[in-house]
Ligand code: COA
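First comes one chain, alone, set out as structure tokens in the form predicted alone.
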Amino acid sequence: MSDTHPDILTHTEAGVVTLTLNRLDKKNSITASMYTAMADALINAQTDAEVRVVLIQGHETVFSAGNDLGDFLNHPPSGPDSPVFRFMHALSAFPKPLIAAVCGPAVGIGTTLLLHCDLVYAGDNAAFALPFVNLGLCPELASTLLLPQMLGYHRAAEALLLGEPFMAEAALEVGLVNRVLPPTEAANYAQVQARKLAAKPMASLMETKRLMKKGQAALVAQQINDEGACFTRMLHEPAAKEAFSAFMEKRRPDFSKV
């Protein structure tokens, strides 16, 4: 595999495909074209016999600020073939091991995508936030299903309803991440773990993952679709319009009339 997008760097070595979010000047916020590049990379990795593991990472100072709101408003998701939904389905159904290295802010989909990774290694500067309600929207990527299972209902409600950040140690406590390391070490450690997996028998890895996930694979796919329908509808409603206007105008949103 070679790089096909300047903001998504793709490197393949020793059976490991590393996808690096590379838009540091915009805090690795994700555009529609970046979703397309990541979806295509995952689909290609799924069928490429030489690829055994995929690792997703950002920079040691920031993983991702979530959606690029300007690009998002100019290219809103319009259906299941939209770039963001292609990425969600490719990620959630990916049959080979998925690893993430997360440092700094991981906002919105920067956190929800981790629910579909098999191993997650975080820098001690990682900060996770799910501000969907604060934007007049609903969560995505089956997070309304998977987060209560992982955190328990009340902790998930706190994360999703309040949308306030929680740090790496809290994420470790509830099982969202496997290990917390210094930010300068997280990506290298994740790469070492990826290569350990790449050296193992592929059929055993894939069957073990399939068996662990098969009990709710259909539920996850359905939840992604249900959330997506709500998200797309709410994107055009007054609360989201007020939230996005306030963001662009650098003011506090006023939801008193919505």
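Residue positions are given as counts along the sequence shown, with the first one as 1. No experiment lies behind these values; they were computed from the predicted model shown.
A second form of this protein, the form predicted in complex with this ligand, is not displayed here; the remarks below concern that form.
Using a 4.5 Å cutoff between non-hydrogen atoms, residue 67 counts as a contact of this ligand in the predicted complex. This ligand is not shown here, and in the predicted complex it never comes within 4.5 Å of any heavy atom of residue 160.
Using a 4.5 Å cutoff between non-hydrogen atoms, residue 27 counts as a contact of this ligand in the predicted complex.
Heavy atoms of residue 176 never reach within 4.5 Å of this ligand in the predicted complex, leaving it off the interface. Annotated contact segment (heavy atom within 4.5 Å of this ligand in the predicted complex): 125-133, selected among 89-97, 177-185, 125-133, 76-84.
A heavy atom within 4.5 Å of this ligand in the predicted complex is found for exactly one of 171, 142, 107, 117: 107.
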